[in-house]
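Here you get one chain, nothing else, as structure tokens; it is the form predicted on its own.
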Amino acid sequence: MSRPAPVRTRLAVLATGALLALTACSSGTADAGGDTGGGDDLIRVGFSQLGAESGWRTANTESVKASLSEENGFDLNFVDAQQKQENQIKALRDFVAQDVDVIAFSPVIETGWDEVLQEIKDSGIPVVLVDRTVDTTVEDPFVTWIGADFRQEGTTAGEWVAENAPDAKIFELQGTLGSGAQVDREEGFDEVVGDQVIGKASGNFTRAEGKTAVEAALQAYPETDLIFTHNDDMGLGAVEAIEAAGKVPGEDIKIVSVDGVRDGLQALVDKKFNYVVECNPVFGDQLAELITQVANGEDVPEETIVVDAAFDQTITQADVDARAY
């Protein structure tokens, strides 16, 4: 997807690469809204992260902050929405008021963005969607999107189940309901083995809520012998609930997860998880490149898919120890 000539002409200096030498400006990262006061030579980016609900999200935030640094030519205003859409909408409006050069955000859920996205569009500030997607009636609400193929992650997990546990009775531990990750992973998984799913509940992508959901599931669906969890943190909560019920995770109840954070892969090494589909959070460098291109009015792809891998119990401790997140 392309966009018209750059809205912010001051950004033309980026073509020279001279911004990498700037060191005199103040820090460009903030934990809440407000102008960070960076120099005019930096690309001013407003980024709303949906929260810090998981190890994956923390790794993604660290990657974004490291890449959108002053040393790399950015003045970053970072806002943690604490998993509340109203906080994100306020942050997005603050970014418009601050007249940033580019707005980027990871939407906590898919719907409910029409009004604020129209306001941003009317302001002329380009939007880059990160990780998750939106469902909106606004025409051309964003310039580009970068993230993983959530539906394929669900499909990959389902294919493993179909091959390795074709008769499993599955409880599906869903992420935040209405989020792109939840919707797409569920669709991909259920398309392959949906007839084996005997129950579902949301753990909101957190370890504590994942544990609570599985405690209830083991009461409601005692025949469960496999859990598909939409992220590792909920899966680790599931491990606690399974062990508390006197069962052996990975044996009595298999666990198939999505994420690939270090704790999740450690559970594979410890034989408590059976299969993990990666959702790579470390793509801050790719995001920085996209934002630079968008700020300069260059053509960018409509979407950038972050490449994922998958792991089974053959993974080694050395593999886990070498993990960057």
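Quick note: we count residues from 1 along the sequence shown, nothing fancier. Note that the structure is predicted; figures quoted are calculated from it, not measured.
There is another form of the same protein, the form predicted in complex with a small molecule; it is not shown, and what comes next is about it.
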Query - 4.5 angstroms heavy atom contact with the small molecule in the predicted bound form for Val193 - result: no
Query raised in the report: Closest heavy atom of Lys272 to the small molecule in the predicted bound form, within 4.5 Å or not?
Result: no
Query raised in the report: Using 4.5 Å between non-hydrogen atoms, is Phe150 touching the small molecule in the predicted bound form?
Result: yes
Report task. With heavy atoms only and a cut-off of 4.5 Å, decide whether Trp113 touches the small molecule in the predicted bound form. Result -> no
Requested in this report: Choose one stretch from 118-126, 160-168, 94-102, 177-185: the one whose residues place a heavy atom within 4.5 angstroms of the small molecule in the predicted bound form.
Outcome: 177-185
